[in-house]
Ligand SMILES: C[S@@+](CC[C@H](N)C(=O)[O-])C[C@H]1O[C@@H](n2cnc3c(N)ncnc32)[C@H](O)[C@@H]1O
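Below you will find one chain, with nothing else, as structure tokens; this is the form predicted alone, and questions on how it binds or moves follow later.
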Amino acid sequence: MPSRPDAITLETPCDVTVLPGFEEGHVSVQDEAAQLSAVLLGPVLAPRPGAHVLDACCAPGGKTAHLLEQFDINLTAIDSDNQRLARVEDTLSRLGVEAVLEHADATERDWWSGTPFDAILLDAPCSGTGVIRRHPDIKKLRRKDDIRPLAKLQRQLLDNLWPMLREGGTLLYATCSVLPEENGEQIEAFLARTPDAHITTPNDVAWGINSGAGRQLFPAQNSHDGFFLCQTRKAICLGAS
């Protein structure tokens, strides 16, 4: 996968706190595949200064910060884990960017003001099988029985968040998984029950492979994690003439 234009790769690994400029907010550490979330949302957000954006399941905040650094947006970031949400707050403070942070469950709507979002990033909880190159112990820790409840949660998140998206808005679904049940099959089922969802995932890109309606990246040695991305657009309903 080509390197991201705003990213560098260190020749030698080191503790993030010793990176020149880290404490001053000049650099952040993020997997190369994860950075594609901002790349895909760029054509949607760049032409819309002040866009109303939701980052669901946002902790630990790498993608949250990347979006805020790249685009002029009003971002709400939610997570159900208060301790992990505190990490997001620390990251945004270090970088000097701001978002509305909410301790909230993205399968519920009691936190939502009712104002539709122009774009939603759903970085869904998943099996984490895509990070196996960095955490090989996941082969022993993850069980087959773990996948069904995760897929159910992902389905609940998609169905709950979709009505919060404005007509013509974009939802980007992402996981750090390589399993079809959480990725291509999950999206195909979502499309079957969501008639106003239309795929806008680009095919003319130099990364990943087609996986149903999305793009799947597999772990690459000395490069990126496994990752899945799928972009959908909500149809605009035309009134009767």
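Start at 1 with the first residue shown and count on from there. Here the structure is a predicted model, which is why all the values come from computation and not from measurement.
The protein also exists as the form predicted in complex with the named molecule; that form is not presented, and the subsequent description refers to it.
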For this session: Indicate whether the named molecule has at least one heavy atom within 4.5 Å of a heavy atom of residue 74 in the predicted complex.
Result: no
Exercise. Quick one: is residue 178 in contact with the named molecule in the predicted complex, heavy atoms, 4.5 Å cut-off?
Worked result: no
Exercise. Any of the heavy atoms of residue 84 lying within 4.5 Å of the named molecule in the predicted complex?
Worked result: yes
For this session: Look up in the predicted complex whether residue 116 has a non-hydrogen atom within 4.5 angstroms of the named molecule, and give yes or no.
Result: no
Exercise. Heavy atoms within 4.5 Å of the named molecule in the predicted complex: which of the stretches 39-47, 61-69, 182-190, 206-214 has them?
Worked result: 61-69
Seminar exercise, completed: Note: exactly one of 197, 56, 51, 172 sits with a heavy atom within 4.5 Å of the named molecule in the predicted complex, namely 56
Seminar exercise, completed: Assert contact residue (the named molecule, in the predicted complex, non-hydrogen atom within 4.5 Å, options 147, 95, 153, 131) equals 153
For this session: Scan 185-204 and note down the residues that get a heavy atom within 4.5 Å of the named molecule in the predicted complex; none is a fine answer too.
Result: none
